[in-house]
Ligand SMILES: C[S@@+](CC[C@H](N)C(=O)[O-])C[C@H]1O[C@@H](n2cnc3c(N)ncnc32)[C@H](O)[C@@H]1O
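A lone chain, given as structure tokens: the form predicted alone.
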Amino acid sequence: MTTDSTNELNHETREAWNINASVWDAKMGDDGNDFHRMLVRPTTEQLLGIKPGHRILDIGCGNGLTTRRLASLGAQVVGIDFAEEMIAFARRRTQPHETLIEYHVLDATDEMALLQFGEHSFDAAVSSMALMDMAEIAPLLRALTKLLRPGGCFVFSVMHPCFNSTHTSMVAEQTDRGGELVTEYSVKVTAYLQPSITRGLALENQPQPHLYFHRPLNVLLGEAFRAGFVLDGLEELAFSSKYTENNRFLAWTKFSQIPPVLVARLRLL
């Protein structure tokens, strides 16, 4: 991908998230939605192994949801996002007593901008459901090899590229089994192996579609391996079959055997 094309994609993505920031902030609030609370957050924290005093870089921090949570566990957290409106909401939601947090408007696809923090300046980095919104991830991964201290890790969560993308559809089929009508839920996958860029909605009432950058696992993890990382933690998360709070017909809560979220931990060789 050329620099010009990356800049164009970044411009469209930044514009969309600035426009959508108020709706996203209202939806996620201080504690996040079901996806965040039940799938993303617990596994991310488990893989991070947070200790008080750890300095963590939160990449694509949005309204500061993960940033504030990590700080509440004793970490010193730097939250970055290239959407100015998102950072504005993050600052508004961060209370004066939360002195372990700082925010920066910064493009995570800009390797040199990331390196302003200095070599070996973080014990860990985290990105919660943001990599699929980035036009490029190689510059970020290269920068992290310098930003992380020895033994540091990068934990990221993404929409599961196999089962939850703009190339998948939720399916419900009713079957007669011996006189009993049974509804079976499945996911139809129409494309996977080819990386793609499509527009879509993260929320039903989102004012403007934003770009999704689909990367199959060999591309997603391959970029990390080329940068010098190894994979030493991987979880695929789905809602429990006992979870019934959200009872929409085709909500992800119906798909207890199909994971919509993937969380991984990378370490340097």
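Quick note: we count residues from 1 along the sequence shown, nothing fancier. As the structure is a prediction and not an experimental result, all values here were calculated from the model.
One more form of this protein, predicted in complex with this ligand, exists but is not displayed; see below.
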Contact flag, A227 vs this ligand in the predicted complex, heavy atom cut 4.5 Å: no
Contact flag, F82 vs this ligand in the predicted complex, heavy atom cut 4.5 Å: yes
F255, heavy atom within 4.5 angstroms of this ligand in the predicted complex: no
Partner proximity in the predicted complex: L148 to this ligand, non-hydrogen atom cutoff 4.5 Å: no
Contact residue in the predicted complex, from A143, M86, A75, A125 (heavy atom within 4.5 Å of this ligand): M86
Residue (of L100, L106, M170, V158) lying close to this ligand in the predicted complex, criterion heavy atoms within 4.5 Å: L106
Segment assignment from 185-193, 172-180, 90-98, 132-140: heavy atom within 4.5 Å of this ligand in the predicted complex: 132-140
Residues of 167-191 having any heavy atom within 4.5 Å of this ligand in the predicted complex, listed in sequence order: none
